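Below: one protein chain in two forms, given as structure tokens, structure 1 then structure 2.
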Structure 1
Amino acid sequence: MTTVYVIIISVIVLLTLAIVLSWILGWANVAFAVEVDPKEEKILSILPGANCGACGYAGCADLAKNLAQGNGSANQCTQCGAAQVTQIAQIMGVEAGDVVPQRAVVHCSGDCDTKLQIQNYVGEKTCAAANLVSGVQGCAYGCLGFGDCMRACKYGAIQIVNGMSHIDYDKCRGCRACEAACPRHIISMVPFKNGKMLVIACSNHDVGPEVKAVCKTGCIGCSGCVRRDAEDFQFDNGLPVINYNSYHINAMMQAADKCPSKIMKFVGPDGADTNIEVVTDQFKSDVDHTEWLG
């Protein structure tokens, strides 16, 4: 009989504890409730949830929070298409703005056939390590080809072909992981206004003869492109820089044609056109849904 009493006492102790604690927690749940902005939840449901960090915030939840508070712009997420940006802008109550996808480009074109290899590098096979020692290759600015960017890419969009990194634009989503991984900072983001975009495929700031000594496809810094078209090109520290805010397609094609070292290249997805603007908006029906359609 005593055993039964002990069991009953144990049950009473635990039950009392459970009731008291759940009452306290239930009260706290109401008393300490934090109001979450409904905008934030909606925006978060639209964002891709990849947490890539390309927007500059710590993950999609952080971006959603900031967007809901009105910080940042609706097209801040580099992975969102036009449809998502329009939705986000609607929730924020602002204009959507231009949706131009940012994509990575490599400012180098020196593969194993064109760049000067000084010695056989036998150290650790990463760009970060090879960048620390001199004499891995002649060019002190160009792609090392050990694939730090390839390993950083979450989408498998980068391949090392013949000692030179190549980006697959069908897979690139503009998350900037490669830009951060490259120790020589030769990967940058370019707004892809057209199907294929012109890039300066060289990063060597040295003067002509020195460039020619280490690479067959380097920019000699003749500044011909800048003299022909000062609006679209600027000359900076031995290299032309394309102004992607203007970017006139005819001038670009002419510049690529006239460039003596042929270091200006159109890059983009296979089959895309250089001078046709990408249609990023969704198709809209011209049927008036306010009418009765039968």
Structure 2
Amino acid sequence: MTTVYVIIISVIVLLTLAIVLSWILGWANVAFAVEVDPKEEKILSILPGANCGACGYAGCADLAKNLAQGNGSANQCTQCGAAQVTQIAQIMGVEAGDVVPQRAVVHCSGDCDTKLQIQNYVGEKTCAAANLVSGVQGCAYGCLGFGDCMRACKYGAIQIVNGMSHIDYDKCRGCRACEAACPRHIISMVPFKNGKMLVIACSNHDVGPEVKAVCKTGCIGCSGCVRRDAEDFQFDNGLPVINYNSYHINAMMQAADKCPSKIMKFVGPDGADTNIEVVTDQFKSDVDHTEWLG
């Protein structure tokens, strides 16, 4: 009987402790609760919850907190569409503004068929490791093709095809993960004002003969596009750069048509309309048939 009494007493004590501790925890939860701004909760419920960091904040909760306090813009989330931005703007009490999605662009066109001086690399099959090896391929600026960007993408928007990164714009959310993962920094974010956008598909800063020696499709740095359209193109360290703040597409197309290397192309979702004649993405360069006068 003594054992039974001990068990009963132990059970009563444990139940009492459980009740007391539960009451204490409940009281502490109320007494020390941090009041959350209702705006913050509403904004957080609209955000996608991807926590990608592309907005510049640590995650969706951090962005929601700052937006509720009036810091940042309603269209700061790169993964929110027009409807979500409008809802966030209404909660903030501001104008929604233009919603221009940011999407990733690979500034390279050199696949296994167009790269020259490719070495037999036997090290770790990652771009980060291969980038540390001198001479792994002739072009020191081009895509290494080992898929660090593909593995970084949470949305399956990147595939490696014939040694070259290709972006599926139907899946790309503009999260910047691929941009951060590329050791050669040839991926950047472009504002997609139209269904398809014109981009510079090369990152080689060398002069023409050196470019031709390592890639069939590289920019030879002739600066012809800049001379024809100085408002939309700028020349930076041997490469043209598109000014997406102006982006007068008709003038740009006239300059792009004269590009001897054909390194300018349209990228975007399949079936997206550019409303203009599209440059074909074939990269059959006529550089070898052009007399170099540099």
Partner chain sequence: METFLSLLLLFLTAAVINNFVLINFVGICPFLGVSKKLSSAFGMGLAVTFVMTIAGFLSWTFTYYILRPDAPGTVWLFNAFGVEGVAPNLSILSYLVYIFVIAASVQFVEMYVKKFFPPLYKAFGVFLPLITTNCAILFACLEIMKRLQDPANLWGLTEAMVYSVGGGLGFTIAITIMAGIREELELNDIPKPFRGVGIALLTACILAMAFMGFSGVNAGLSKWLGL
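As the structure is a prediction and not an experimental result, all values here were calculated from the model. Counting starts at 1 and follows the sequence of structure 1. Between two forms, the rigid core is the largest collection of C-alphas that superpose within 1.5 Å.
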- Task: Name the structure that is the form predicted in complex with its partner chain; the other one isn't.
- Result: 1
- Message: Once you overlay the rigid core, does the Cα of G26 travel 2 Å or further between structures 1 and 2?
- Response: yes
- Query: L17: how big is its Cα shift between structures 1 and 2, in Å, with the core superposed?
  - Reply: 5.5
